[in-house]
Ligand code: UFG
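Single chain ahead, written as structure tokens, the form predicted alone.
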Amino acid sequence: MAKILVTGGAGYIGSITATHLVARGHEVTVADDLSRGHRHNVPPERLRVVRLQDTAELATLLSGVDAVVHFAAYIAVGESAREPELYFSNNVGGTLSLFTAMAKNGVRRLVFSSTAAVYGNPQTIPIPDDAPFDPVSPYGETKAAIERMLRQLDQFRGLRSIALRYFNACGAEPWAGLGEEHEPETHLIPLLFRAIKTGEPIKIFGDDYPTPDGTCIRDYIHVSDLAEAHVAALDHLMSGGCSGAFNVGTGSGHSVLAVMHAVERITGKKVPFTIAPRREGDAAELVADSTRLRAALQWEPRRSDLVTIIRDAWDFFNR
């Protein structure tokens, strides 16, 4: 059993990963300022409400901690384009504060929540882990900057880290009462559910991409599988493993319209929709090559078929 600090652990992926870590017997404390997370996602005895920029308070929480799993970040690509300073301040500045607090306490293990947005519009599909960074949004740039910082801290501070580059996290853990509750919501599946509930059409951004049906293709991974990747990364570091960075996905993609039609089949309800212009920065296809992750951490996605993803998300939506 290890003592783990989970930053951003009141959010969607953070809260579910914290639940998985507790189930494995780890002692988990959650640090979250609740600006984007939800108090009800964390048992009160586990939650510490703290801003990531409060280095002194973080240092107190890090006393005796064995490792950090770092989720705390703003994640909306569109918002990052409108308010880039907010994203650099929170994501990069807050993370630097965390690294400073970790150094003060001699904490040298970190699992970092990164993103496929570091790649921008990749030249190769599926995207390999060694594809060059070329982010097209301030959000992606913040995550790329932090990954670069981690490489330097590995060399000069002995901070061993695993960066997990997410593709499209989705699904829910309805048994735990945990799922997507973003506000504003930007993720496809809950937006499809919202369109069913309200009757207000969802906007499909672009139907003229070079894909079979003209809509964007993405690699959808169940949040439970994503949480298990974090557990595997932590196990790797706790057993003395070296630093690394890995894509976390299934290796296959689904178009926006394919996901919408799957939602209609599983819920038995039609989704009202309209076609809108493309969004700036949206790549036609983003699919992960997770070969290295599977080999290095013995991880496999087990719940990431569309039927399981949508059923779990629908159960949570209708809770």
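What you are looking at is a predicted structure, and each value in this text was computed from that prediction instead of being measured. Residue numbers run from 1 along the displayed sequence.
One more form of this protein should be noted, the form predicted in complex with the named molecule, which is absent from this view; the next part is about it.
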Is there any non-hydrogen atom of residue 75 lying within 4.5 Å of the named molecule in the predicted bound form?
-> yes
Non-hydrogen atom contact residue 279 with the named molecule in the predicted bound form at 4.5 angstroms = yes
Look up in the predicted bound form whether residue 117 has a non-hydrogen atom within 4.5 angstroms of the named molecule, and give yes or no.
-> yes
Taking the shortest heavy atom distance, is residue 222 within 4.5 Å of the named molecule in the predicted bound form?
-> no
If we test each of 92, 204, 125, 103 for a heavy atom within 4.5 Å of the named molecule in the predicted bound form, the one that passes is 204
Pick from 271, 67, 286, 28: which residue has any heavy atom within 4.5 angstroms of the named molecule in the predicted bound form?
-> 286
Contact stretch among 144-152, 211-219, 229-237, 84-92 - heavy atom within 4.5 Å of the named molecule in the predicted bound form = 211-219
The named molecule in the predicted bound form: contacted by all of 168, 188 and 256, heavy atom 4.5 Å | yes
